[in-house]
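Here's a solo chain for you in structure tokens, the form predicted alone.
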């Protein structure tokens, strides 16, 4: 297996790194996440021009047909720079699921890829990410056609979405339906997540669904493939955040002095830094292994589940150790250490936490 990025991916990473270094320092990021609820991220037009919105989508839907390794290449940088743009919710989930639709959704998909609209996937419920048989949101036949009822939680980018794609149980199995957030019977409650992103809880009460708003090619296998690819992207972001914490902590230990010498000279600190480095290296190796398998079409659902479980366990270790090394200041908003840790914790909770992933892997994926 080849565990290195190809020249095209290196060029993409270089361009993205330069953009983030020039326009997205920590202070800029804080102004964005502390702005009004649903405020568009300043990087979105730049991501649109770079083709990042079209990267994971198939070519027959107007995308670039990017490989899993392309997404990992940019995901690590998102983690290193704490990018708050709603890429996971609006692109990895919303746009990719929208691409399952037919000609009826082509115009909307074109607007999404052009950065003119945001579509969010409403899938998680109060019990987390479950299989079809435990979905409580349903589409039923009403007196005047199809109606949708249920509640979704932690809808990423849901507070600012122009359209929602809702997963529900139908008469023939899984259904994915397009819903206007302003439609009668839809109640959107937006909020800020612990890591500064925007999300929403959304209730649907007998919402009328037109036949044209039912995505025709939706099935459990297609949705699960998108969720697995999103877990890979989130794992890459976690690795990027861990790498940043290792570098920040090592630099702090080399300059922070106690008893007349840098704390990095003390054996206990050396051991903690070594533990962080080992955890980060193990995470990177696991990520690259699963990415290589995914590029070859050989990654099974169990591989993605174990990867995300590993990111949750090792990411928590790295984040907590970084906070211990920095002391109380690491918990303040003024220092980026706590924000990296919050992002790692948020990633661990998304699309099934560590315990869920381990159960999924134990069940054979």
Partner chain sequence: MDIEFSPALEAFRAEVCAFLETAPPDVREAGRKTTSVFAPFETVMAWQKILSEKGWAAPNWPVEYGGTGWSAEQKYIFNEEYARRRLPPLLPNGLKMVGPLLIELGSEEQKQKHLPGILNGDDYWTQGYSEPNAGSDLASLNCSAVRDGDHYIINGQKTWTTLAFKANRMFMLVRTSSEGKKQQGITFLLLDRVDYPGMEIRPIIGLDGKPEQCEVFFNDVRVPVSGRVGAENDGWSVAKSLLKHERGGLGDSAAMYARLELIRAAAQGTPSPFGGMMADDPTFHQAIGELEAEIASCAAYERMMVSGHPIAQDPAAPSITKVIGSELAQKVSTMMAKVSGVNALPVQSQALEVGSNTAMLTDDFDLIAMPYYLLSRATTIYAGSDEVQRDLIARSVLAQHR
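Numbering follows the first chain given and starts at 1. Just so you know, these numbers come straight off a predicted model, no measurement behind them.
FYI, the form predicted in complex with its partner chain isn't displayed, but the following is about it.
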> Looking at 239-247, 187-195, 223-231, 154-162, which lies within 4.5 angstroms of its partner chain in the predicted bound form, counting heavy atoms?
Replying inline: 239-247
>> Just to be sure I understand the contacts: of 273, 100, 135, 208, which is the one whose heavy atoms reach within 4.5 angstroms of its partner chain in the predicted bound form?
In response: 273
>> If the cut-off is 4.5 angstroms on heavy atoms, which of these, 104, 293, 147, 109, is the one near its partner chain in the predicted bound form?
In response: 293
> Thinking of 32, 33 and 113 as the candidate spot, does its partner chain come within 4.5 Å of a heavy atom on all of them in the predicted bound form?
Replying inline: no
>> I'd like to know whether residue 253 contacts its partner chain in the predicted bound form, with contact meaning heavy atoms within 4.5 angstroms.
In response: yes
> Is residue 336 a contact residue for its partner chain in the predicted bound form, using a 4.5 Å heavy atom cut-off?
Replying inline: no
>> If we define contact as a non-hydrogen atom of the residue within 4.5 angstroms of the partner, is residue 306 a contact of its partner chain in the predicted bound form?
In response: yes
> Might residue 264 be said to contact its partner chain in the predicted bound form, defining contact as any heavy atom within 4.5 Å?
Replying inline: yes
>> At 4.5 Å, heavy atom to heavy atom, what parts of 270-305 sit next to its partner chain in the predicted bound form? List them in sequence order, or say none.
In response: 270, 271, 273, 274, 275, 277, 278, 281, 282, 284, 285, 286, 288, 289, 291, 292, 293, 295, 296, 298, 302
